[in-house]
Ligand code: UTP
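Consider the single chain below, provided in structure tokens and representing the form predicted on its own.
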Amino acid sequence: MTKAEAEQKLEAIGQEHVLKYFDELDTAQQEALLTQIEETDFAVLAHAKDGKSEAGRGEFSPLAAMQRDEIIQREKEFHDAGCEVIKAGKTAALLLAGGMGTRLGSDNPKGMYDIGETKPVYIFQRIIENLLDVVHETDTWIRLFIMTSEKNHDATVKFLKEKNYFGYKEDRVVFFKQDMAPACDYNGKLYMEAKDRISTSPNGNAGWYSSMVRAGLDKILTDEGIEWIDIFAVDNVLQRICDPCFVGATALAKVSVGAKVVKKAAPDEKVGVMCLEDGRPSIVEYYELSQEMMDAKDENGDPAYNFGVILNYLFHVPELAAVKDDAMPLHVVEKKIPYIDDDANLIKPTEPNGYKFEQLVLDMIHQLATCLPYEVVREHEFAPIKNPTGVDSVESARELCKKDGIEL
């Protein structure tokens, strides 16, 4: 893209300020900014006018989970079926690792955060060691995809190489970057994070598949005959990945996606809940639960909306082609967005100052036909790290790890 073409594209959307410092930049910086302007989809900015996400929600109804009693009763059946799928090379894992450790007080990728007490124990290490349990049990090296972001890609790759992937085979690991979306103020004006760079953020946790396809990695899925891909977030240090029982139960159920869930700690716990929306699988956010829904009971007299998601999903790869980006609503989220002011000083706001734009995995699941909510034991598989202290924190994750016999 030439400067003139960039000017034309920006003028059409009233964002000419993006090129304010263009003539001060060196050639490499100019080329990088022009490339960013060319590759960025600015259509999302239209949603900043009213700060609202696209589309409303449909009619919710309960979706029954496969609970622990049934899983324990059928454990051997599920385990054997899952091992068969894994040993046939039909399972892959995908780590969503685009985040930074900012809320933990770190400038590094979140996965590099050390939760150890007597020795270094990194978040990445915990996750890879969990996956290695399955590798050793099945004697099968599962393909591991790691999705980074522009902000943390180089640091993530460098760190994992230096740590020898914590024992994982390097030739079974593939990195790719998540697509980015622009960030703006409340009036829809693009923020600049530097003179040569528009402020951007990852395009939401549903962006993994489209980003994978753009990187050409869907070819690996096809070439290697991968039928199931386990998608999971970087911050849960206890989660089991591609574990045979989960794989087996999902495969035997012949569903489009399996979703690990935990029994809610309280009716108003701040977790999304698996449900049906207009008859298709979906997730209702905790703030969307009406009192009537919280009071609803199932046939056994238990709460009908009782199982929260932990962001661990097993997708049936042949059905992913039916998922369309343009059919997913765009979510507008208020965030604290660093930016340069009129004098090019970097400002790091302490309060939300604008919008980021995301597509969420719940909308991806909603495009699929069927889902199996699969209950896991919270204390053994759910130790999210979102804060330094308190609920869902480094502290609480450490305690859960120690209860599970993990040395820190």
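Keep in mind that what you see is a predicted model, and the values were worked out from it rather than measured. Numbering starts at 1 and follows the sequence shown.
Below, we refer to the form predicted in complex with this ligand, which is not included among the displayed structures.
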Checklist outcome for this item: in the predicted bound form, the residue from Val271, Ala233, Met192, Cys83 with a non-hydrogen atom within 4.5 Å of this ligand is Ala233
Next on the checklist: So this ligand isn't shown here. In the predicted bound form, which residue out of Ser199, Thr138, Ser211, Asn205 has a non-hydrogen atom within 4.5 Å of it?
Outcome noted: Asn205
Next on the checklist: Looking at heavy atoms inside 4.5 Å, which stretch does this ligand contact in the predicted bound form, given the options 168-176, 233-241, 155-163, 300-308?
Outcome noted: 233-241
Checklist entry - Within 4.5 Å of this ligand in the predicted bound form, do Leu96, Met147 and Lys335 each have at least one heavy atom? => result yes
Item to check | Contact of Leu221 with this ligand in the predicted bound form (heavy atom, 4.5 Å) | outcome: no
Next on the checklist: Is Glu375 near this ligand? Define near as a heavy atom within 4.5 Å, in the predicted bound form.
Outcome noted: no
Checklist entry - Taking 4.5 angstroms as the cut-off for heavy atoms, does Val121 touch this ligand in the predicted bound form? => result no
Checklist entry - At the 4.5 Å heavy atom threshold, is Arg398 in contact with this ligand in the predicted bound form? => result no
Checklist entry - Listed by sequence position, which residues of 357-394 have a non-hydrogen atom within 4.5 angstroms of this ligand in the predicted bound form? => result Glu358, Lys386
